[in-house]
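Single chain ahead, by itself, as structure tokens, in the form predicted on its own.
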Amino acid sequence: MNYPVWYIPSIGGGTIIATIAIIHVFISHFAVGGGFWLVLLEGCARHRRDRPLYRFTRNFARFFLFATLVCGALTGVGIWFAISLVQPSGTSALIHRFVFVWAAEWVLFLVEIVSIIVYLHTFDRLSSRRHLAIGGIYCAASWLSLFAINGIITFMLTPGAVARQGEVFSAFFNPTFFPSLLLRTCLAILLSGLFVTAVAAFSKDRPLARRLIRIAGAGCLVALGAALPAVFWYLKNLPAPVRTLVEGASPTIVRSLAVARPAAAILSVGALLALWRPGRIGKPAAMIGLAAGLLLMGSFEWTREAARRPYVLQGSIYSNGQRADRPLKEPFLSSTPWSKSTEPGRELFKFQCYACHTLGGINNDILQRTQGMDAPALEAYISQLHAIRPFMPPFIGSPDERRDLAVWLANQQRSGSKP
């Protein structure tokens, strides 16, 4: 292990990443789909000479710019900060393999920033054709940004036959690239439609609000309908071990999908109601829709993360940052420059368990997971960890280190203390 560990035992690095990532992904998908809605609504307003709709589009563009550039940029920086501290080895591997893809994505992000700022500040200053063209540039740049990121994050789950090779094209266009791209495009249209509905629900122009809610409801319904075959396509392209986890072998995924199903049902009913009875969608219903969209997006991201286990990069790097080709029984701490030798059990927990477990914390508390187990039982369990629970990485270390970890965990269990 060539990196230090950002150690917050009561919270866990994975929880920090998940919290920031879910918010960022929610906003970033709105950034992709929202450009489509802006161009669509402005085009309709100009074609019909509809001044109320035109004013709404201009106001929505202000809200859109704040939400995507300010909130999106802050959470985006937060993501890089968190993953660099919690998963430095995985982050480094992705940067080195896809360096030119990352570069292209950052250029696209710059195009997004410039085009949306120009778009907002040139209402009534440019001709209809030129202004819509600027909006179109934003739409293209934001979707291509999604295209670039999609190839990287799908590689993490389904690298195919290039897990340990340097070939970029096959790694980028991996088995789940296209189904994931379709699914994320649908989610982007859905989430941005929910934002349109929410902003419209707060409008004082109720006839305009009803029209907008009906249009947004139709868009959300189409996105939900197209997302369903994308999900089955995505599942079909998963490797058999990963599909087994998604279909119920992983308790984490089971809990995640238990949230996704009611969220999807709420959104489906809400989209139908918006289409046929838009006047029934007020502020509370619009906020419930946004909350359901956040839960659905969070469930998808949580499931995708959990499906990779025991890896952060499938077949290459374990979720605790250790390389999958490392011999399992070689001494661990002696080859880990950032460890301290004063308390080996604690150091082994920090470097091999902490990535997924907290100590008396809010997520995957290892004190609860090992309740009632003494040191010999823990030692035997750790020796067969990966065989008993295939979604957990195997323990790497000598028999003495395995014993040190078992004794330390048993002591924590008895005392219920936190380091």
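Don't overthink the numbering: it's just position in the shown sequence, from 1. Remember, predicted model here, so these are calculated numbers, not experimental data.
A second form of this protein, the form predicted together with a small molecule, is not displayed here; the remarks below concern that form.
Enquirer: Heavy atom to heavy atom, is residue 59 within 4.5 Å of the small molecule in the predicted bound form?
Expert: So residue 59 does not count as contacting the small molecule.
Enquirer: May I ask you to check whether residue 381 falls inside a 4.5 Å heavy atom distance of the small molecule in the predicted bound form?
Expert: Heavy-atom contact with the small molecule at 4.5 Å: present for residue 381.
Enquirer: So in the predicted bound form, does any heavy atom of residue 211 sit within 4.5 Å of the small molecule?
Expert: Heavy-atom contact with the small molecule at 4.5 Å: absent for residue 211.
Enquirer: I'd like to check something about residue 256: if you look in the predicted bound form, is any of its heavy atoms closer than or equal to 4.5 Å to a heavy atom of the small molecule?
Expert: So residue 256 does not count as contacting the small molecule.
Enquirer: Using heavy atoms and a 4.5 Å cut-off, decide whether 310, 356 and 364 all contact the small molecule in the predicted bound form.
Expert: Yes: 310, 356 and 364 each sit within 4.5 Å of the small molecule in the predicted bound form.
Enquirer: Which residue among 197, 142, 320, 154 has a heavy atom within 4.5 angstroms of the small molecule in the predicted bound form?
Expert: Contact with the small molecule in the predicted bound form is made by 320 alone.
Enquirer: Since exactly one of 39, 65, 392, 45 fits, which has a heavy atom within 4.5 Å of the small molecule in the predicted bound form?
Expert: Exactly one residue meets the criterion: 392.
Enquirer: Of the listed stretches (65 to 73, 356 to 364, 48 to 56, 26 to 34), which one has a non-hydrogen atom within 4.5 Å of the small molecule in the predicted bound form?
Expert: Looking at the partner contacts, the answer comes out as 356 to 364.
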